[in-house]
Structures are given as C-alpha cells and as structure tokens.
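In structure tokens, the next block holds one chain alone, the form predicted on its own.
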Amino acid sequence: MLVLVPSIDAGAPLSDAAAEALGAARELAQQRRCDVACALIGPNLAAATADAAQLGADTVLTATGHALDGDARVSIAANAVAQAQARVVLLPRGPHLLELAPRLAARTGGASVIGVTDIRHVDNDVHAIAAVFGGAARAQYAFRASGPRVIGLAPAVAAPPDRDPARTATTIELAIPQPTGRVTTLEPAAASSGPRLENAKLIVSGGRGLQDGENYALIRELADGLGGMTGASRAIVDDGWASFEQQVGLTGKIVTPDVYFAIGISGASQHMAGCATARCIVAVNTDPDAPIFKFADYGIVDDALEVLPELVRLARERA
C-alpha cells in the first residue's frame, strides 16, 4: 500500500489532504493485512517525513528535489511503486492529481480512478467508489489491469490517523531521474500565494441570488467578519462577478470547511459536488424547494440581499 504525495513545499509538513490519504491507507491496510508506505516528493522533506511516520507510515520514500517537471514526478512515482511493491496507490487531492494518476497507471501497467469517495476491500482486491453525472450518483469500479490500482482521492475520504509523536519509520531515498528532454517548459506557471480555498475552515459563497455583481461585496464583508474566505457558484464566475479561484463545484474547487454558507445558491448537483462534505452548511434562498435545503443543516428562506446585511452586522458585533 503506497500513499504518494507528489509535491511538498520546502520545509512544509504534510497537508490535511495527505493526512486524510494516510488515514484511508491505514484503514485499508488493516483489511488487507499489509504495510503502508508513503512517498514524498519535494525539497527539504524533514518535517513531512516526520509527519508521515507519526501518522502511521511504516516506510517513507523520499525524493528530494527542486522544480521537478511532470515527467520526473511520473518516473519517481513509478520507482516508488516498484520499491514498495505496491498493489494499491493512493494520491491525495492536489494540483498534480489529474495529470499524475493516469500517467502513473499507464507507466506501471495499472489503471486509475479519480475523485474516489470510498474504497472497498472485495475478494482480495479493491473497488473504488466515485461520483458520476455531476455528483448526482455514485459508481463502483472494479479494476481489470494487472498493474497497481492508482486511486485519486476526493476530500474527506477518511479522517487523519491519530498522531504518535514517538513513532518512527524506515526511510529510503529515491533517485531523481535525469531530464529526458521529452517536455520543454515554455513558461512556468505563476506560483500561487496566500491561503488556499481548499484549506479554509469557513467559506461564504454567493450565487445568482445576489442579483448583481456589485452585491458580491456583501459576501466579502461577511467572510471578513467571520474570519473566512469567499467562494462562488460557477454561474457568477462565468458572469465575471467572482474569479475562477473562488469557484466551488465539480469544475472548480472541492472544499471541506467546518462551515459553508451558500447565499443565493440553488444547490445544483455540480455545485454540491464541491461542498457537500462540509461539516455544516448554512443556506439562504428565496425558494423553499431549492435543492440546497436538502443538504443544509440550517436554512433561511428569504432574499439574500435582505439577510446578508444583518449577518454582516452580527458578525461585526460578535467578532
């Protein structure tokens, strides 16, 4: 069993997503009666290596390198699969998941499924459960390839394991492959900075119920007052009221906050695929039959433009 974390910032600990992947691996390893290996890629991996051991990895495979391209990550990942003799590979959510999972499966003669919400041990093999039809249904996938099962995880698949500060793991250094020249980088992607929406504990999202782009300012005010971040439905991103970085949903960000405010959002399956695993959903919508109320823990049937100023006032008073 291998948990593969393809990109770690210099000196950074494991992300919440990687910890969740280790939690899923520990649960599955108990059923399959096997060890858990964790492969880490990035510069200065000391903190992440200690984290992986304390969270239950029996072996930690490290590839210490800067500015590795996609080909290098695939080669390192394939080497890690071979070293760990892994039959199942779990990849946490992250920016490299969509590219790495299918390429690693092809390189190792395996198969991949992405967006997996559950993994089941069936007849000495694993089946993957993933969303289909925009999150409206779930499908169960059985693997037929002879190679490893490469599984890209959705958020909140499992809870992180209990941390044991005294626990250590065997550490193996993986070789960094020489560049092959197959891919030429014409322009590096702009480095992201600041907090990430995927890691936010509280998110206030707006939708078409705001009626006008200028009213999105109320979403920002409420998020600021509550110490959270702003999100948006695809509809208002397409209209230019918010940026793509704020889009929550199947084609945007998958988020797992403690609290998610859905203000003027109907609750279509494509949007709920991005936020349904929030621990608490608070919905505001004029339509009492809006789908969002099927998911909401708390609901207000009213005009968002009437409710938002009052919520902003309360947030400021109780800050």
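The numbering used is simple: start at 1 and walk along the sequence shown. Predicted, not measured: the structure shown is a model, and the values here were computed from it. For the two forms, the rigid core is made up of the largest set of C-alpha atoms that agree within 1.5 Å on superposition.
Just so you know, the form predicted in complex with a small molecule exists too; it's not on screen, but the next bit is about it.
S.K.: Using heavy atoms and a 4.5 Å cut-off, decide whether Gly207, Gly249 and Ala268 all contact the small molecule in the model of the complex.
M.R.: Answer is yes for this spot.
S.K.: Please determine, with the chain shown alone, which of 232-240, 218-226, 155-163, 123-131 has non-hydrogen atoms within 4.5 Å of the small molecule in the model of the complex.
M.R.: Among the listed stretches, the partner-contacting one is 232-240.
S.K.: Considering Asn199, Thr171, Gln211, Gln83, which brings a non-hydrogen atom within 4.5 Å of the small molecule in the model of the complex?
M.R.: None of the others qualify; the residue that does is Gln211.
S.K.: Just to be sure I understand the contacts: of Ala276, Ala53, Val259, Ala290, which is the one whose heavy atoms reach within 4.5 angstroms of the small molecule in the model of the complex?
M.R.: The residue in contact is Ala290.
S.K.: Looking at the partner-bound form in the model of the complex, is Asn44 within 4.5 Å of the small molecule by any heavy atom?
M.R.: Heavy-atom contact with the small molecule at 4.5 Å: absent for Asn44.
S.K.: Is Val284 close to the small molecule in the model of the complex, meaning a heavy atom pair under 4.5 Å apart or at it?
M.R.: Val284: yes, in contact with the small molecule in the model of the complex.
S.K.: So in the model of the complex, does any heavy atom of Asp302 sit within 4.5 Å of the small molecule?
M.R.: Yes, Asp302 sits close enough to the small molecule in the model of the complex that at least one of its heavy atoms falls within 4.5 Å.
S.K.: Hey, does Val150 budge by 2 Å or more at the Cα between the shown form and the other one once the core is superposed?
M.R.: No: Val150 shifts by under 2 Å between the shown form and the other one.
S.K.: Examine Cys34 after superposing the rigid core and state whether its CA is displaced by 2 Å or more between the shown form and the other one.
M.R.: For Cys34, whose C-alpha is compared between the shown form and the other one after core superposition, the shift is less than 2 Å.
S.K.: For Ser266, state whether the C-alpha moves by 2 Å or more between the shown form and the other one after rigid core superposition.
M.R.: Yes, Ser266 moves 2 Å or more.
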